[in-house]
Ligand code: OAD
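Next comes just one chain, in structure tokens: the form predicted alone.
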């Protein structure tokens, strides 16, 4: 592991794109998706309950349980360090984009400004029938499935389920940021599963220095630099 290239790049970078995964929120008491103790690892049936077309009541029950876990979750040192880095970079005229695969809303809660919630957020709900009603802030974690005030269809959390398409705005905004990046950092994610694998290649094609910060490094990672460790330790140290 070497951090010298990253430290130099971080000081000199002007257009930075950071991608975060579940590993960033572990220190906030939230489970990762995969690996030891992960959501999909401990419950093999869970994926089938958050897939496109699933029964509205099943989806609401599962996501209400997640919202209960989020109720007391607070941003950790990794979230805070990214907030400070964004503030410092933009103060000196740079551009910072944070793309998160997490749906916990902790980056926004910590104070990050330019956040693309690529998979949506559990902090909002929307009409399951996509009738045109705008998504709204909703952190209810119990009770029956609510219905849309506009059309009467069931309401669901505003997240991207398995087999659903990423939102057009989120997809376009992320691609635009990657096109101009001179530094791309993936944190708390393997970086080898789509969309992360596509992001790093897009950033590299644009000439960016690409870095993976993760507890485990994959056997083959398309990154210029790989730094192993826990996000809550690495990010405050390296983004200071």
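Numbering follows the first chain given and starts at 1. Keep in mind that this is a model prediction, so the values were computed, not measured.
What comes next is about the form predicted in complex with the ligand, which is not displayed.
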property: Residue 97: touches the ligand in the model of the complex, heavy atom cutoff 4.5 angstroms; result: no
property: Touches the ligand in the model of the complex: residue 12 (any heavy atom, 4.5 Å); result: no
property: Non-hydrogen atom contact residue 102 with the ligand in the model of the complex at 4.5 angstroms; result: yes
property: Close approach of residue 77 to the ligand in the model of the complex, 4.5 Å, heavy atom; result: no
property: Options 142-150, 79-87, 127-135, 158-166; stretch whose heavy atom lies within 4.5 Å of the ligand in the model of the complex; result: 158-166
property: Sequence-ordered residues of 206-240 touching the ligand in the model of the complex, heavy atom within 4.5 Å; result: 214, 215, 216, 229, 230, 231, 232
property: Inter-Cα distance between residue 192 and residue 226 in the model of the complex, nearer or further [3 Å or more]; result: farther
